[in-house]
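Below you'll find only one chain, the form predicted on its own, shown as structure tokens.
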């Protein structure tokens, strides 16, 4: 009851601080959910209402009036009511699991992931240089540093490499590496569990010198988590703490990301890790052989480099499979014949020449359209549908960034490409005919 009374006093003050329309439409719809450890959680009835009251001018006035009624140090969080309730429900169901997954505040880094063990090629040399610079001068240059690229291209390796470097050369720094999932779980737990106060959460994530967050793309549809990460980001940035973020896509390609977070991510250096070329793949495989003590013919390395896709982890997995098969034959040296036998049923070996041009040509042949029409500005149904399908397949099968696909299709904006991709993606979920068509097209593309 005391919380409700205090909030009524805050509303009286806010009524004089904002316009009548803003007060009636947005401010007066807020309800206090909890006040604990100098944090007031306010619930907004909708995402629209939450967005409106979180605008800089309005949010500052809310914070000002709250602090005049509560304490001068009160931290205000405004979350959407449904999301708040859903978070409580989910964490109640997973409480035991969350507790078992709890990790120490001090991050642990994989000692195999160092700059020395990272194979540098044309596809990743700029990213690697930026990460090394940040490791040597945290908080001074490239802050924040946002790196993105497809699965298995080395983003996590580089994040751990930074951590390992700092632990060796800057032992006094508090360095924290987490996945986006871990950050979300910690945030939800701080709301749900009164024994673990929000102060503990903020102490963990804001009392660091370097914060590295992996797979940030999963924050896109978690509005409450976005809100908390926004405040965490601001606090660290204003105190010149280094922030490094990794994602499978650029900020502009994260459609459900709040604009203010997208703006923060874009304020520093954004750099992509591109797919490794043949020479880089060979160097990676040879490095793996050296580290593991594998004795492998150069022809085997060449075969794997040509037959495998761009996912480095998958490529190393293929190498391990080939060497293991050879060991089953009591051989200490793996030959080309052993490799071919080990990989005869491996699906990836069929994806030899798959590239954007092959996908475009296959779509043109299947739908009876020309390449010129496909990349043109024509908007008739006979052209739009094949174009959308082509965009979806290039992004899905090759993991090409949306901006690059936009360039292929006549310089289209990434939002247009995103719309095309998402339309096919949604149709696959709801339309069995479209799902069957996509599977058929993929089968055609994977044939030699």
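Because the structure is a prediction, the values reported are computed rather than measured. Residue numbers count along the first chain shown, from 1.
Below, we turn to the form predicted together with adenosine-5'-diphosphate (ADP), even though it does not appear here.
None of the heavy atoms of residue 268 is located within 4.5 Å of adenosine-5'-diphosphate (ADP) in the predicted complex. Among heavy atoms of residue 316, some come within 4.5 Å of adenosine-5'-diphosphate (ADP) in the predicted complex.
Under a 4.5 angstroms non-hydrogen atom cutoff, adenosine-5'-diphosphate (ADP) in the predicted complex lacks residue 187 among its neighbouring residues. adenosine-5'-diphosphate (ADP) in the predicted complex comes within 4.5 Å of a heavy atom belonging to residue 155. Contact annotation: adenosine-5'-diphosphate (ADP) lies within 4.5 Å of heavy atoms from the stretch 146-154 in the predicted complex, the single such stretch among 146-154, 68-76, 130-138, 357-365.
Only one of the listed residues (294, 201, 84, 113) places a non-hydrogen atom within 4.5 angstroms of adenosine-5'-diphosphate (ADP) in the predicted complex, and that residue is 113. Contact annotation: of the candidates 308, 225, 124, 334, the single residue with a non-hydrogen atom within 4.5 angstroms of adenosine-5'-diphosphate (ADP) in the predicted complex is 124. Shown here without adenosine-5'-diphosphate (ADP), the chain has 113, 117, 118, 119, 124 in 108-134 lying with a heavy atom within 4.5 Å of that partner in the predicted complex.
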